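Shown below, as structure tokens, is a lone chain in the form predicted on its own; questions about how it binds or moves come after it.
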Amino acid sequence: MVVFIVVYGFIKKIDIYDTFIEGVKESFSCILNLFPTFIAMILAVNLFINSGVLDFILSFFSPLFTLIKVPVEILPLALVRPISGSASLAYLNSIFATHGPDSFLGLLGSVIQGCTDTTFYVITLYFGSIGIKKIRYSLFASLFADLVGIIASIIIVNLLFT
């Protein structure tokens, strides 16, 4: 791809280096605008994960998940996925290490990882980059889509793999 761009610029007689430098200058100002938003998001994710709220939520929902025969081990992945992609991927990796990628938990975790998104990251990045501050309806719709994806994952994996 890089070779194609360089050859294309050479054929069109574009000063590739100066164009590259201009692009870097424009992206630097964009990075400076997004930096405070990213710092706030990273702080919020770390507070959520390290505060013990996740453990409290797990203990609260454990009886419900046991009642509907959904493994409780998948709940941290479902809760962390909308917040942090890297944390959910690390948790999925621990599920793979403990139970194996071909186990029911491994398959369920993979489907949840694939059909949900890092909602808070996406909203922070895209809305923060253009200055939108009123995100209530977008946040609700995104989290609802994540919830539907998680429920659909549980139903489909149960139907296909049990």
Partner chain sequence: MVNIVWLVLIVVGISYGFFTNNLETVNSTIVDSTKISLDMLFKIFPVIALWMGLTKIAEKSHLLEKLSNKLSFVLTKIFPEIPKGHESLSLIASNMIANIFGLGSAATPFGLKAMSSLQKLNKKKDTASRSMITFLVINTSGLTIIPTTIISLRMMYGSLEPTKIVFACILSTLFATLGGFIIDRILARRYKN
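None of these values were measured; they are calculated from a predicted model. Between two forms, the rigid core is defined as the largest C-alpha subset superposing within 1.5 Å. Numbering follows the first chain given and starts at 1.
One more form of this protein, predicted together with the partner chain, exists but is not displayed; see below.
The closest heavy atom approach of Phe35 to the partner chain in the predicted bound form falls within 4.5 Å. The partner chain in the predicted bound form is not approached by Thr66, whose heavy atoms all lie more than 4.5 angstroms from it. Contact check for Leu58: every heavy atom lies farther than 4.5 Å from the partner chain in the predicted bound form. The closest heavy atom approach of Val72 to the partner chain in the predicted bound form falls outside 4.5 Å. In the predicted bound form, Ser142, Phe144, Ala145, Asp146, Val148, Gly149, Ala152, Ser153, Ile156 are the residues of 142-158 with at least one heavy atom within 4.5 Å of the partner chain, listed from first to last. Relative to the superposed core, Thr98 undergoes a Cα shift smaller than 2 Å between the shown form and the other one. With the core held fixed between the shown form and the other one, Ile11 has its Cα displaced by at least 2 Å.
By 3 Å or more, the C-alpha separation between Ile123 and Gly52 grows in the predicted bound form relative to the form shown here.
Cα of Leu105 to Cα of Ile49: at least 3 Å shorter in the predicted bound form than in the shown structure.
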